[in-house]
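First, one chain by itself in structure tokens, the form predicted on its own.
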Amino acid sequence: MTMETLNMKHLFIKGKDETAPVLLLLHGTGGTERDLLGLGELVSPGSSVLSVRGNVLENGMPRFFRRLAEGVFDIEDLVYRTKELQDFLNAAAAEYGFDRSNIVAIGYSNGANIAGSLLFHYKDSLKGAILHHPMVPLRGLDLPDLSGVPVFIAAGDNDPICSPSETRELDGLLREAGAEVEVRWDRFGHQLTSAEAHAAADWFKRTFAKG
């Protein structure tokens, strides 16, 4: 393994179906690369899984980028860490021999935000994304062409961290760039619930079913 390029702590688990999308799992604040393995198994049991731990620590809690306060992102670090993840994905595809163009991200909270930032910054960075309680990663950016990129957003209409207006703004920005967005609303605050996990799995099967 070339640690110079694979510079993020991660797990790669080869799946039984090499044609299925590779799942990129991205945890929330304080999580690890093991947090979302069950969710990945639920969404696509046959997929290979690349689960990554963020390189930033906030009071000892792993994150994918720094923030200045709750809901206030360090934009310079966000841009830097987004490129770090993009470069890591390129290197991981070469290292593990999977199709770089066949990655679907599943992110929760901070992990959903870095996944959204990949979409905002890099054309063809992801084949699709499942975003649990994401925010708008940054504003004032001309998004790449996201035509045909499917995105599932799970949101809480009483989420204290990610307001409904934030969700609607993100939905609009992704749609304007051509993405095919589906939003699911629940009333469980900022939690990643079993109900939204199953809804994400149903969406994935509908969206990426063969034939």
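Quick caveat, the model's predicted, so the values are computed rather than measured. When you see a residue number, it is the position in the sequence shown, counting from 1.
Not on display, but discussed next: the form predicted in complex with ligand MLT.
**Student:** Give a yes/no on whether S117 approaches ligand MLT to within 4.5 Å in the predicted bound form, heavy atoms considered.
**Tutor:** No, S117 is distant from the partner.
**Student:** Does any part of F65 reach within 4.5 Å of ligand MLT in the predicted bound form? Heavy atoms only, please.
**Tutor:** Looking in the predicted bound form, residue contacts with ligand MLT include F65, since a heavy atom lies within 4.5 Å.
**Student:** Report whether the minimum heavy atom distance between F73 and ligand MLT in the predicted bound form is within 4.5 Å.
**Tutor:** Looking in the predicted bound form, residue contacts with ligand MLT include F73, since a heavy atom lies within 4.5 Å.
**Student:** Classify I161 as contacting or not contacting ligand MLT in the predicted bound form by the rule of any non-hydrogen atom within 4.5 angstroms, answering yes or no.
**Tutor:** Flag for I161 set to yes.
**Student:** Where, among 93-101, 119-127, 80-88, 106-114, do residues come within 4.5 Å of ligand MLT in the predicted bound form by heavy atom distance?
**Tutor:** Single hit among the candidates: 106-114.
**Student:** Pick out the residues of 14-33 whose heavy atoms come within 4.5 Å of ligand MLT in the predicted bound form.
**Tutor:** Residue within 4.5 Å: T29 only.
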